Structure formats: structure tokens, C-alpha cells
Ligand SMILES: Cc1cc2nc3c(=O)[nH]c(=O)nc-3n(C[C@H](O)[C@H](O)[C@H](O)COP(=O)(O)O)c2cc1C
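Below you will find one chain, with nothing else, as C-alpha cells; this is the form predicted alone, and questions on how it binds or moves follow later.
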């Protein structure tokens, strides 16, 4: 029984946080341990976590811990609050296991995000990744300033930062991934990260990549970001190339089953491109991961961690327990 799928996508999207919070009152935090990983001093009891977009404003950190996540990615958060893009922003097809969204980084802004996350006591039960972005009105030539704002505001609360320049729902954002732009964009962010760390270890920086890059573009992005000191990558964000095939608007991004082959292939390519340079860097696979076997496949292809979004829409948050049960049988 999945009664939430009887609701419209918009209604389910609005009610999901309330249902999640209700579960909090009748359960305790759960730690599911399988294939634990320690990286840069952070311990992941299991390699399966939530994607950016699941908890945009850091309102449900402790709620998700009750489902046994291995980590959480919070955000995308921008310096100033912003509303969703106009018009319809979310749709789904249960038959095709796809989700379409045109949200565009809607969030309550950095100040409210900081207030929310500060209510979560340390030590955190799992690592927390904070996904930072730019406000839609910030021009690309000043985009790095928004990301630096995020680093400075949230430095004491994040375990890892995710630099999101791969969403298709902010006009021109993906232009920052182009070779002629990427170096100038990343350099001041990496430099600020080192300055904020002082004598301590700098917070790891991950770059979230687009599924719509060619292999040549992927190679260029990986090489440039590696040279600049980026610590890992998330492959991938949503695609804006499949809307016409699935009777969805060509604006916006598609995730779920249609993204699976693309994301899987880019993961394999990234592993091959990085080769021995992958050592001590983090690869997170996201996109089209809907079953326990999908999770295991990505790990066995070379991902260190895996994260889900569409699976939570179609299977519910018990997906984490289902994967853990299968993992114990598979890896014990």
C-alpha cells in the first residue's frame, strides 16, 4: 500500500514533510550498519543517503535519522530566500517511475537554514552534506560570491559542502561547468575554503555534475576540478534532455528510471577517467536508483556512496531498511 501515490504530485509534495514529522513522534533514531565507510575522518554507517532537494531547509534532519539513512544532503540553499519557478513545478509517472521538476532552488534563505540546522545537536548521528547554490538573479560572473557566502555562513555546521552548478532549473547555471568558466568560478571558492579552515582541515568540497555532459566535457570537468582541489563529485543531477520522450515539459529536469542508464554510464566513465587519481576522493552516485540491486550495482561500479530521491517518492522512506536487509544478506 502506497497511499501517497493516490494523491496528486503537488499534494503529496506538500504533505510529505508532515507525514515524516508524524513518524518522528513514534520512533527512535535508527542506525543501519552495512558496508561502513570512513573518509576524511567522517564515518558513514552505511553508504545510502538522501539527495539534495529532499530537505531543502534543514527542517527534517532528525526525522530522516529515524529511517536509518547513512548521510543526508541538505539544500540547495541560496543566500537569500527565493520562491519556486512560476507555474507547475513537479510531476511524476508511477508507471514509468519518473519524476519531473522545475523547482529552481526554492528555499527560505541562509539565515533560516542556519537557525534550523543549529537546533541539531552535535555530534551528528550521520555526516551532513550542505548543498549550496546561487540566487537566480545573481549573474554568473558574480556567482562565486553566493557560494562563498554559503561557505562562510555555514562553515561550522557542515561536514561536507556540495557545489551545485548542474541544476537545469536556474537559467544559465550550467554555463559555469563550461571549461572557459569553471576555473575562474571554482578558484575563489576553494581559496576561501582553505582560509576558513585556518590551521584545521578544510571542509571537503564536492562538485555536483550534470548528466547532460558529453564524456569529453565530463573529462574536462573532472580534470579541472581535480587540479583546483575539489575533493569529490556527485553524479548526477537531473536531465533536461528527455522531456519530449516522456510527455513532460522540455523545461525542468527528469529523474527516476529514465535517468538510470545515463547516470550509471557517467559513473563508469568517471571511474575510468580518474583511475588512480580517485584515491582519497569521494564519488557519490545519484540518478535512477530505485531498487536495492540498483544501490549495490552503483557501489560495485566504483561509487563510494549512493543517494536517492525518486525512490523515496515511489517506495517511501522504508526504502533504507529494505536496502539494509538485502545488503546484510548480500555482503555478510
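No experiment lies behind these values; they were computed from the predicted model shown. Residue numbers count along the first chain shown, from 1.
The same protein also exists as the form predicted together with the named molecule; that form is not shown, yet it is the one meant from here on.
Practice prompt. Quick one: find which of 60 to 68, 47 to 55, 267 to 275, 30 to 38 has residues within 4.5 Å of the named molecule in the model of the complex by heavy atom distance.
Written response: Every other range fails; the passing one is 47 to 55.
Fill in: 78, 150 and 182 each touching the named molecule in the model of the complex (heavy atom, 4.5 Å)
No: no residue has a heavy atom within 4.5 Å of the partner.
Worksheet item: in the model of the complex, does residue 99 have a heavy atom within 4.5 Å of the named molecule?
Response: Within the cut-off, so yes.
Worksheet entry | Any non-hydrogen atom of residue 233 within 4.5 angstroms of the named molecule in the model of the complex | Looking in the model of the complex, residue contacts with the named molecule do not include residue 233, since no heavy atom lies within 4.5 Å.
Discussion item. In the model of the complex, is there a heavy atom of the named molecule that lies within 4.5 Å of any heavy atom of residue 72, even though the partner is absent here?
Written reply: So residue 72 does not count as contacting the named molecule.
Discussion item. So, residue 103 and the named molecule: in the model of the complex, are they within 4.5 Å at any heavy atom pair?
Written reply: Close contact exists here: in the model of the complex, residue 103 approaches the named molecule to within 4.5 Å, heavy atoms only.
Worksheet item: Mind listing which residues of 237 to 268 have a heavy atom within 4.5 Å of the named molecule in the model of the complex?
Response: If the 4.5 Å heavy-atom criterion is applied to the named molecule in the model of the complex, 237 to 268 yields 237, 238, 255, 256, 259.
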